[in-house]
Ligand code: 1CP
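Just one chain is shown here, as structure tokens, and it is the form predicted on its own.
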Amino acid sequence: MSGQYLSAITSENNQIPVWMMRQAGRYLPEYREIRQQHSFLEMVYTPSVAAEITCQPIRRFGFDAAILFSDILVTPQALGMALRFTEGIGPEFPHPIRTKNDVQSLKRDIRVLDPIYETVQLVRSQLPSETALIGFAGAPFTVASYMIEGGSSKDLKHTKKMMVSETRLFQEVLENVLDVTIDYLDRQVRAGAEALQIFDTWISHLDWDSCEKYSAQYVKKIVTELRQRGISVPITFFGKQTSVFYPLYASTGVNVISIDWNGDMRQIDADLDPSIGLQGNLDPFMLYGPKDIIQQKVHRICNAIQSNRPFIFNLGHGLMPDIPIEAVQWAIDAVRSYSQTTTLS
């Protein structure tokens, strides 16, 4: 393994790597220039464009890892679902999954995702050797929720109604997503991804038992199957409210748990088995603040983690489109200065 990101996960050095969720996106003028020429899905499925967008923040900031430019909702397309992104609304599935017939109408075609593997190959060939490439997918619960709701939702009413009143049907949806997700992540690694991240963003809508049953257990199935297939790259899990639910993921086999900004990293660090890495957890809204406040917050998070635990600095969620670019640089510089001070002391 080479580079700060990968070596930090294996505890081979005490430098803190840094990357940020949504680091390739609308806060960058170079991204906005490309976006004017293409629809969102055109960018995702055009390898040369997706590769360029993935590499943009690496060239500008020198992050220790690049994350593939794509979206968690490509896997339903591999199940035959139509997807569109509407300005001001976001992702929409015109024909949501609500009935047994809807589930039976799903038609798996994993070849739909082939252009994304080409993107992975292109990115890996263009990145500096020391920069890790992270592939990713949405976990079954969050992806299935989008499929059932037909898009974004404030309360996941349709999803939770199916979950409690038509449990077997709900599990059938999850299993369909699970199978495609495992193959999708497997193929990303074989194309050149050196690490993976699983996003289950909407677990914040679940109670403890439901989170264990419909999220953590499915994450464990993904990790277990990937390991059985010989996929050995590190795997990170992220969800909103991991600050509450992190104990459920400690036994899933993931290498790193990414913590949302609500969590007290010092307390979580003291409670969690030190073999499991932590990632996070700066509130991205702090990047609207002045330089000294950003630096203080960054150093406080870094200082909360014991030295023998793998740790990756990140945000507690993703960058917003109007985050000042200089604030991103201030946060990176604060991580680098903390690592240098720690190494010299």
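Quick note: we count residues from 1 along the sequence shown, nothing fancier. Predicted model, so just to flag it, every value in this text is computed and none were measured.
Beyond what is shown, the protein has a form predicted together with ligand 1CP; the following relates to that form.
- Among the residues 171, 243, 201, 255, the one placing a heavy atom within 4.5 Å of ligand 1CP in the predicted complex is 201.
- Checking 26, 60, 291, 299 for any heavy atom within 4.5 Å of ligand 1CP in the predicted complex turns up a single hit: 26.
- By the criterion of a heavy atom within 4.5 Å, residue 22 is counted among the residues contacting ligand 1CP in the predicted complex.
- In the predicted complex, residue 214 stays away from ligand 1CP, with no heavy atom inside 4.5 Å.
- The closest heavy atom approach of residue 178 to ligand 1CP in the predicted complex falls outside 4.5 Å.
- Proximity of residue 72 to ligand 1CP in the predicted complex: non-hydrogen atoms within 4.5 Å are present.
- Partner contacts here mean any heavy atom within 4.5 Å of ligand 1CP in the predicted complex, and among 217 to 225, 87 to 95, 110 to 118, 163 to 171 they occur only in 87 to 95.
- Proximity of 5, 187 and 313 to ligand 1CP in the predicted complex is absent: no residue of the three has a non-hydrogen atom within 4.5 angstroms.
- Residue 238 is the sole member of 218 to 253 found to place a heavy atom within 4.5 Å of ligand 1CP in the predicted complex.
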